[in-house]
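Quick setup: one chain, the form predicted alone, written in structure tokens, and binding and motion questions come after.
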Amino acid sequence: MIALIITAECIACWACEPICPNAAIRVKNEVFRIDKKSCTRCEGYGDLPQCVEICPVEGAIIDDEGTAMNPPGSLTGIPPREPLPA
């Protein structure tokens, strides 16, 4: 199983670090990373990884394919804006 990735969208709110059951979230200089060796995607702890469940930022955690675990609009209910025509 491949670990999740915390992106630059992270606002360093510290919500995820204390709830990680595997202590896989590492913090250095307010930059949050998920240790690939420790992350199990919370297998056995619920339907979604705990960090994804608690994260208040859309797009801050992605899977190994680069797909946002909380995609735009998923937390706010507001659909993403379409780009303006050129």
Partner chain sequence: MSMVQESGCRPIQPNNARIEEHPCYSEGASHRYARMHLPVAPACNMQCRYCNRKFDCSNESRPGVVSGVLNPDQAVKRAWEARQRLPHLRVIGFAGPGDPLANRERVFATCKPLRSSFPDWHLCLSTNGLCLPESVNAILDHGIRHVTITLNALDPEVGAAIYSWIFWNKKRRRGVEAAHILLEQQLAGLSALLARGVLVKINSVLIPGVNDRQIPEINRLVSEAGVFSHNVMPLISAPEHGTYYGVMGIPGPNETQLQQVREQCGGAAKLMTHCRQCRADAVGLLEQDRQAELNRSPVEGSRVIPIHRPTRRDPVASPPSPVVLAVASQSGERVDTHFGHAEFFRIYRVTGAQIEHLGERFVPRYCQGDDQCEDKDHTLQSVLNLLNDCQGVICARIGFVPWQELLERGIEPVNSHADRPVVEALSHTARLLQDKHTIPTPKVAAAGMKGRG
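Residue numbers count along the first chain shown, from 1. Predicted model, so just to flag it, every value in this text is computed and none were measured.
As for the form predicted in complex with the partner chain, it is not shown, yet the points below apply to it.
Contact annotation for the candidate site: Gln50, Thr76 and Pro79 all lie close to the partner chain in the predicted complex (heavy atom within 4.5 Å).
Within this chain, Cys55 lines the site of the partner chain in the predicted complex, having a heavy atom no more than 4.5 Å away. Put simply, Ile11 is close to the partner chain in the predicted complex: some heavy atom of it is within 4.5 Å. Among heavy atoms of Ala68, none comes within 4.5 Å of the partner chain in the predicted complex.
When contacts are judged by a 4.5 Å heavy atom cut-off, Ile19 counts as touching the partner chain in the predicted complex.
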